[in-house]
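Taken one at a time, structure 1 and structure 2 that follow are two forms of one protein chain, written as structure tokens.
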Structure 1
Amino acid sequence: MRRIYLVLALVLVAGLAAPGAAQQKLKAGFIYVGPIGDYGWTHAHDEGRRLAQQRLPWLETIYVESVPEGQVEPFIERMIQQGARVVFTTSFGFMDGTLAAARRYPNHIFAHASGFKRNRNMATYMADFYQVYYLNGLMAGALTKTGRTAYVGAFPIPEVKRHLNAFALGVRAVNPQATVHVRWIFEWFNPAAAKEATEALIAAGADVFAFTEDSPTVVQVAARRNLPSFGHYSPMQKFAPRHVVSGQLVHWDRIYIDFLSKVYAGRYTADNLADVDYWWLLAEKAVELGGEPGVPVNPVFRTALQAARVNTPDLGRISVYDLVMRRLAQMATPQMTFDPFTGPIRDRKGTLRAPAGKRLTVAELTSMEWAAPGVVGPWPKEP
């Protein structure tokens, strides 16, 4: 009988060690600044988390939502106590708290979205929209009837300023006299404030809308006045099927899957992340043009965009619809043969920011404080 038990024990041990046996789990925690139901930034991050967990059988995830930006450290502590080996913090205001936690827990791995501070065990990552906002701006410049487009901004940080400036450069590329009127709400998620800002901009004559606020409020308010808009972060065309022209869509799962796979394989450790900075754009398929997946431009607006024509220095005279498609193709290639932040570019005060032929670096993009020509409204920290 003992011999039988011994044989069974050996079989069990061999089975655990055999190829294909159950893999050890990697536990990752995600900290969100807003509710996962915001249908914007946080919703998109959580969708990326869920897709990564579906794709990676060895991954276990936990998350916490609606964390105030200045209070992230206790939540990081709690996740580590719950067994998280990797912690993702997903808002710009979490940056300093994440760095402090990384120094306190040198054997854990951290990654911070949208920031620029790193450590040997702390990477940064961003799926950035500036290219897509430029394409949205091209369309907005063609569709405005008043010459006044609008942008409802969350916080005046470099990320939002970069996106707003790209939108303004797109507007001006098609409609050189048009303006972009900005109102800041100083909230990432506040539908009431977004509604008030949109209504104020409409009252001031704006007739095409883009925004950074994590709800479809701007889209819905504009649609009630029969005005076009561009969705933000998540698919918003369904909230106003005849009024959402396009928008920005994100695929955080592509970054999360890549990063976590490299952690699991041992390529990323708590000692080699100081120079790891994901800056993924159209070419990496981390972002997408459209108000819903697979639809870069709402067919409702195709005729109007085809009818609008513009002169370009490299493509000649072309319809705005074709211009959007050509620029999209140019920016979606690894070579990126077109970039909206290529000089000559002056800010709205006339200061030269990029000489002719110079493309702004990632460092210059991520520290941007100046306002592009055509932007109208307050601009905190404007140089």
Structure 2
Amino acid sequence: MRRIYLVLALVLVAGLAAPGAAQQKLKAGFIYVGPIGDYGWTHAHDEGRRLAQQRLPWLETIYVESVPEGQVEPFIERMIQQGARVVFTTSFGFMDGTLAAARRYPNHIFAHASGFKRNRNMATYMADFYQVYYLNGLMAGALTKTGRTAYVGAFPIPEVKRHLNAFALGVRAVNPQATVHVRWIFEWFNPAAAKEATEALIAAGADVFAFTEDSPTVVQVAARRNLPSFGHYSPMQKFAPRHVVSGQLVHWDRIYIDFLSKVYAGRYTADNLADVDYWWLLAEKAVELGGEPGVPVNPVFRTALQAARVNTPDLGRISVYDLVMRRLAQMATPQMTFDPFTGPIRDRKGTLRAPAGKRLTVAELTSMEWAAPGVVGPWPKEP
């Protein structure tokens, strides 16, 4: 509370001393793992930073890109020396370094993306795609002619496994016999690897593509073979206007604006963040369905999706297009009347992962190692 009074006092003084002078500014630093020009993860975080800066007149931001894991602490320190009060670190590998810095600077505020360690002055945040991948899966199940869909995965870690499983559940909800063929490239960004993995999947007979990699490579390779695909992270429909069906888009600015506003208002302090964990989904509008903002499904594919019909337990017989829109609406409500990871769910080895009617918890989602039924291919550390 002292901070508020201080801010108020400063505002007052500033207002009296120089009418129209700038208010007390809040300075936030952003530490990125990759280059802003990656057109993927880091690009999206930087878009979020710039939107936040535009919307919040009292906000000032600084950033640093391509930070190696072992260097996060010194970079945090340099940002604090530059006057940053809040520091966002945007890679799982930054977790321990961020925690160490949080302990060393108890009066500063930290937020770490995609991790699970928190502190009284360190929150965590994540905009997650699993619901959107499920919707993509529904469409992929309807569009595959060979019954084989494909997924190019970055790393076999819980985040990607969760997205892959959500995609597979979507595919099977529409097309119970279809499979999801998977290849891993063990890198977040490597166009050549993404390309050859896609070619390998094409050679295996797959004809619809989803992926996790920070470039439009998979979309472009599929389009050259006249095959449909789903964009990832950034708007990718423009790279293949007739072949990108939909995809996932992220809006980190939603989280950044909310978090920083609460810091500015004094609701978040360096003392009360131990339980602050943003796990933002469709309902919070942190993620969006589509290959282009505002275009959930590419009109090119509307007829095909409307022609495909499926039976559902709750909605009866319905076109896949309508099913996607209904599920999207259900998940976009604050009550979340539908969630793809709702039991009964068995993994591909037959182990029960969610009993009938039970929804997986956030903790279960973020530690997911099992593979959903229909997934075909290598799956490191499968339980």
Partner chain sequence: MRRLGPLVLEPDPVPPPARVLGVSLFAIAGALLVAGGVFAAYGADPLVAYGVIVRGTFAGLREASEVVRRTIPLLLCGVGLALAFRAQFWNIGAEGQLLAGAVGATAVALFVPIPGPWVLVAMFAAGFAAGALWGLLPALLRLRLSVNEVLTTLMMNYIALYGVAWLIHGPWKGATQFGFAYTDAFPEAARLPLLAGTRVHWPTLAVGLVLAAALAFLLARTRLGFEVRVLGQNPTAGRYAGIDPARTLLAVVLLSAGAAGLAGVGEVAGVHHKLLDPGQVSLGYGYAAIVVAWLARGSPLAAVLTATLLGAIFTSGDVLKVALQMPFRVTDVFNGLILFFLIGSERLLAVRIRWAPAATAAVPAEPGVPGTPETGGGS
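Please read all numbers here as calculations on a predicted model, not as lab measurements. Basically, rigid core = biggest C-alpha set you can superpose within 1.5 Å across the two forms. For residue numbers, the reference is structure 1: its sequence is counted from 1.
Source of structure 2: the form predicted together with the partner chain. Positional change of Asn272 between the two structures stays under 2 Å at the C-alpha, relative to the superposed core. Core-superposed comparison between the two structures: the C-alpha position of Glu69 differs by no less than 2 Å.
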